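What follows is a single chain, given as structure tokens, in the form predicted alone.
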Amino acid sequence: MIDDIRPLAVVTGASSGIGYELARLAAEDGYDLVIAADEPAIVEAQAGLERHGGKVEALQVDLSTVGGVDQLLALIGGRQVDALMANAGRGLGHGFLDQDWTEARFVIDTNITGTVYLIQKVARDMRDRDRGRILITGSIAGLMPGSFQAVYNGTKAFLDSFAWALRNELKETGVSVSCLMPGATDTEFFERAGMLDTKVGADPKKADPADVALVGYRAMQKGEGDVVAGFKNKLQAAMAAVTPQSVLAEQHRKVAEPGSGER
């Protein structure tokens, strides 16, 4: 059957933005898809992706919970996953002490707990087959202290580090782990994070999610370790490596502090 011949890609956070564009690239590349997100728009994403051919299965689910990830795993149903693009993520602006704990916990559980649980389950099967590709959406935000985004940047620092550690553990296998590290991208992220009044949220020159996804997808297909999307972000990442943490925190404050977009 043709369904048994086509490779399978699993993409989380695929209802819009970078995740949707990653799924589109995989569909155009001949993959069948299993896509998931916690947004109802995942149904519309499914319809859009089906136009590229191949089978697309979609699931609206809370990927911050083990139970939600288990629902996604049940949909995969033990099938061989050739590419896992772990892109689901949430942001949260404002000062940490002013944030609602439930919302902060949701960011941590979505970005870290659900992501690493899904990766462990899928990557074990990849290791057993000695074949597979994993793309984790980290961020250059993980390279700097995130004043007024402390929880979010902390989760991305975890993912950036985790991706490299897992890559090293799997270096003698046929499984590759890549980390996509975008900067500010023109998605719904800043609206959802309550950051439209910040300098970074109001910036009209954010990266195109299609361009960012293409950089990440190509890195995954080549088995590269990490990739920073965009020259400006590459420069920012390089500077972060040699700039004192206190200075980075102050720089981040200037673009992420509430009301900074109106100054």
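A residue's number is simply how far along the shown sequence it sits, counting from 1. It should be emphasised that the depicted structure is a prediction, and the values quoted were computed from it without experimental measurement.
Note that the form predicted together with a small molecule isn't included here; everything after this is about it.
Novice: If we take heavy atoms and a 4.5 Å cut-off, which stretch out of 59 to 67, 46 to 54, 26 to 34, 214 to 222 is in contact with the small molecule in the model of the complex?
Specialist: One stretch meets the cut-off, namely 59 to 67.
Novice: Counting only non-hydrogen atoms and a 4.5 angstroms cut-off, does R79 reach the small molecule in the model of the complex?
Specialist: Flag for R79 set to no.
Novice: Just to confirm, E188 within 4.5 Å of the small molecule in the model of the complex by heavy atoms?
Specialist: E188 belongs to the contact set for the small molecule.
Novice: Does G138 reach the small molecule in the model of the complex, with heavy atoms at most 4.5 Å apart?
Specialist: Yes, G138 sits close enough to the small molecule in the model of the complex that at least one of its heavy atoms falls within 4.5 Å.
Novice: Looking at the partner-bound form in the model of the complex, is G146 within 4.5 Å of the small molecule by any heavy atom?
Specialist: It does not: once the small molecule is placed as it appears in the model of the complex, G146 has no heavy atom within 4.5 Å of it.
Novice: Could you spot which one of R133, R90, R167, H94 gets a heavy atom to within 4.5 Å of the small molecule in the model of the complex?
Specialist: Comparing distances to the small molecule in the model of the complex, the residue within 4.5 Å is R90.
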